[in-house]
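Before any questions on how it binds or moves, here is one chain, the form predicted alone, in structure tokens.
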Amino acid sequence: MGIKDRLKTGIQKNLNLRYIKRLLGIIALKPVLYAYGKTFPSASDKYLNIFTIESLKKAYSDNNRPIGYGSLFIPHELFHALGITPFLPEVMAGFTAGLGLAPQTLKEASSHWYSQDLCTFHRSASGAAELDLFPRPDYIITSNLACDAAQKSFYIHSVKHNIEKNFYLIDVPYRYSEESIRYLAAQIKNICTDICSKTGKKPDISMFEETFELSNELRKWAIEVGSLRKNLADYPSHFNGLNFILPFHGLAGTREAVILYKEIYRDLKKYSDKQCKEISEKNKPAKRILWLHLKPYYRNEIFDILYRENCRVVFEEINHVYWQELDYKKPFESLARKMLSNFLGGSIDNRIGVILKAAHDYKADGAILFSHWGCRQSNGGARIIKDSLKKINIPTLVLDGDCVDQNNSSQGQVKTRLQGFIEILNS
């Protein structure tokens, strides 16, 4: 049994906070951590897992550094600039699925009367919180951007931990305008001021400067990675762009995220250079797939089938860099502009514009939209997105399933529909 399997089995048998802290304390030791890193096939996978474990250890450590729960689409630069360790329950729900813990966390959520039609990212995270598997938060920040479940489930977390006064809901306007920027910037400033008053610290402009510089550096390398992928016909085995959600969002503004994206670029550049030398007219070009929304985080065969059938996911909409560089001299306005620039907010036309441009830039032959159960925002636009791509002759598979609960997905049906879609691409 390998290191990863032993970790998975250990957590399944010891589902409690004390064991998780002890395990993180052991695996985060440098010799163990880097031995674990060697089990991954590429440098970027290695650093992704190392930095994820290190960030989790910080969140679970019993120190004086405050912990902040943050929903996926808030600007986590705010946490880093204020010296707060971020913890993303939605991302952790993906980990519960990967570790095989979702049946227990979802069962616990049901026993606390969480609705069955709630997105399983939030239902699983809420079940884990009820089982006391998450570190205790000092602050919780969420928004109404792209998700109607976060604001409700995160508030329940604040009630559980008796920190309702430290719960902050950011109201993101529907339209991008100067008035919207002022309204949103004022909210972010008020949150910052309130947190600083409770910690007894004044906002440190040097922390905002450092955090924003690192965030801008991450942005630069993410764009470089995206540009490189536009002409990349093949990928290293096991590469999956959907694995980098935590650093792209939660670690934005940290040195670790910059290091990671530099490694992603180097990995793909080496592969690109090698590929250019080996290209032959005899090689049948792979079908290029644009991936929309997220993926199942439990063990599944979707990407194995695509690989075997000579199909490659060349880009994922979740990795689109939608914001401009941040200006530390205007910190709250910059963060407001970043939130308002998110293509998942406002009209469906914003998302369609990004998808159509990505389909063109990455020379997509087809698109797959993984229609995750309970995600009203994504599912509600599925037909409009499919029709929009059809107008430019790009077939789209709307693949119904669940990113967290494998019992809510029919693996046989997924395979059948995937094979049918591949036949359409090949015809």
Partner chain sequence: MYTCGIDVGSVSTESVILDNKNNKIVSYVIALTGSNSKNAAEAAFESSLKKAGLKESEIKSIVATGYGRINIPFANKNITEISCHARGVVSSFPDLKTVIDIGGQDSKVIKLEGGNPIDFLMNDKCAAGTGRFLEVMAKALEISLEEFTPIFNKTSDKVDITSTCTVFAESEIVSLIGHGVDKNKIIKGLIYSIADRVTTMVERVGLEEPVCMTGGVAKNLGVVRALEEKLGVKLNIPDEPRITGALGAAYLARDLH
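Everything quoted here is computed from the prediction, not taken from an experiment. Residue numbers count along the first chain shown, from 1.
Just so it is clear, the following notes concern the form predicted together with its partner chain, a form of the same protein that is not shown.
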| item | value |
| --- | --- |
| Heavy atom within 4.5 Å of its partner chain in the model of the complex - the one residue of Leu48, Leu397, Leu33, Ile67 that qualifies | Leu397 |
| Interface membership of Lys21, its partner chain in the model of the complex, 4.5 Å heavy atom rule | no |
| Proximity of Tyr362 to its partner chain in the model of the complex, heavy atoms at 4.5 Å | no |
| Non-hydrogen atom contact Trp373 with its partner chain in the model of the complex at 4.5 angstroms | yes |
| is_contact(Lys57, its partner chain) in the model of the complex, heavy atom dist at most 4.5 Å | no |
| Contact set, 408-427 vs its partner chain in the model of the complex - heavy atom within 4.5 angstroms | Asn408, Gln413, Lys415, Thr416, Arg417, Gln419, Gly420, Phe421, Glu423, Ile424, Ser427 |
